[in-house]
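Coming up is one lone chain in structure tokens, specifically the form predicted on its own.
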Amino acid sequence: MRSLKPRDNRAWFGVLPVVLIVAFSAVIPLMTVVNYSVQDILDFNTRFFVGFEWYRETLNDPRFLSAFVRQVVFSGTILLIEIPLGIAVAKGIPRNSKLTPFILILLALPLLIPWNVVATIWQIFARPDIGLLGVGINALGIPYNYATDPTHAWITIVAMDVWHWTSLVALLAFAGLTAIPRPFYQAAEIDGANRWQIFRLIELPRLRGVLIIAILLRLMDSFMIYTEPFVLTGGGPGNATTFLSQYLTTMAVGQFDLGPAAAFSVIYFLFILLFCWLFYSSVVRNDDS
């Protein structure tokens, strides 16, 4: 039977400040960018409506398409490395040890370092003349130089991102593992399950929630990467490590093409939103089936 008790909607007033803050910090700037994306801005006082011309130009720009492919390859690569590696690190952390807090603190340290500092550390660390990594690799007979070889630049950026962000996945996975009740493991031991069966049938299903969060965070963040490759390689050698954010910055700041840059930004935003929605929808669909 439906309750006749009147609803108390006063709680919405507590949400109102958050809505206003989000509107001011996200919606209004987004609408401004959308407005610029349909105009040809010659100067601050002269502009003409051009419709979807900048969108068509961006989608047909080979530089945009190549940067987009590099971005997708980079994001896919780091997810394939960081997610399994983070789970492996989390499983290696003792749960009931006096050393556990210190291990967790050490894992969290890379996450506290600003992005530009991380890039500067790796810029020095990987230099082939004075960097410990660069000198060590060259001492093994491998001619390593991330400043001149596109493959070496890619490997260095991927290694830097893995070093910086695998800790986030590990900490999330460790939190998920510690939330699994002990009786599940005891029942598996009685049934004679091995480690792989315990991981596949007990741990992995219960890590689904935290792994979804980890993948979404890393996917969105990797699509917005800018500071690290800009400081480390400047987008080079050539355009080998020029991702979408760097190309957009060059267009908006370096060339002051506000109209095309605004259309680029909207397409960029929609791509990130689409990828996250497709991933989340596929996970939810698998849960319901």
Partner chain sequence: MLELTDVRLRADAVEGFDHVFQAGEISVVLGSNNAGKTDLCRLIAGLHTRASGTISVDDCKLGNLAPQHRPVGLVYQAFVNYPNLTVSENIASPMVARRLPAVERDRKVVELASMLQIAEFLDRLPHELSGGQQQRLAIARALAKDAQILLLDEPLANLDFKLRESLENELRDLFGKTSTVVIYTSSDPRDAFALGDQILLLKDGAKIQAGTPIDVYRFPESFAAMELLAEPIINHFESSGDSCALRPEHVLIGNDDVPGNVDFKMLVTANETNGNDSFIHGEVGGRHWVVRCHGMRAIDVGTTIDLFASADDVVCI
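From a predicted model like this one, the values you see are computed outputs, not experimental measurements. Numbering follows the first chain given and starts at 1.
Keep in mind that the form predicted together with the partner chain is missing from the display, and what follows is about it.
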item: The unique member of 201, 106, 217, 88 whose heavy atoms fall within 4.5 Å of the partner chain in the model of the complex; value: 201
item: Residue (of 192, 101, 114, 92) lying close to the partner chain in the model of the complex, criterion heavy atoms within 4.5 Å; value: 192
item: Residue stretch of 201-209, 166-174, 120-128, 144-152 approaching the partner chain in the model of the complex, non-hydrogen atom distance within 4.5 Å; value: 201-209
item: 4.5 angstroms heavy atom contact with the partner chain in the model of the complex for residue 188; value: yes
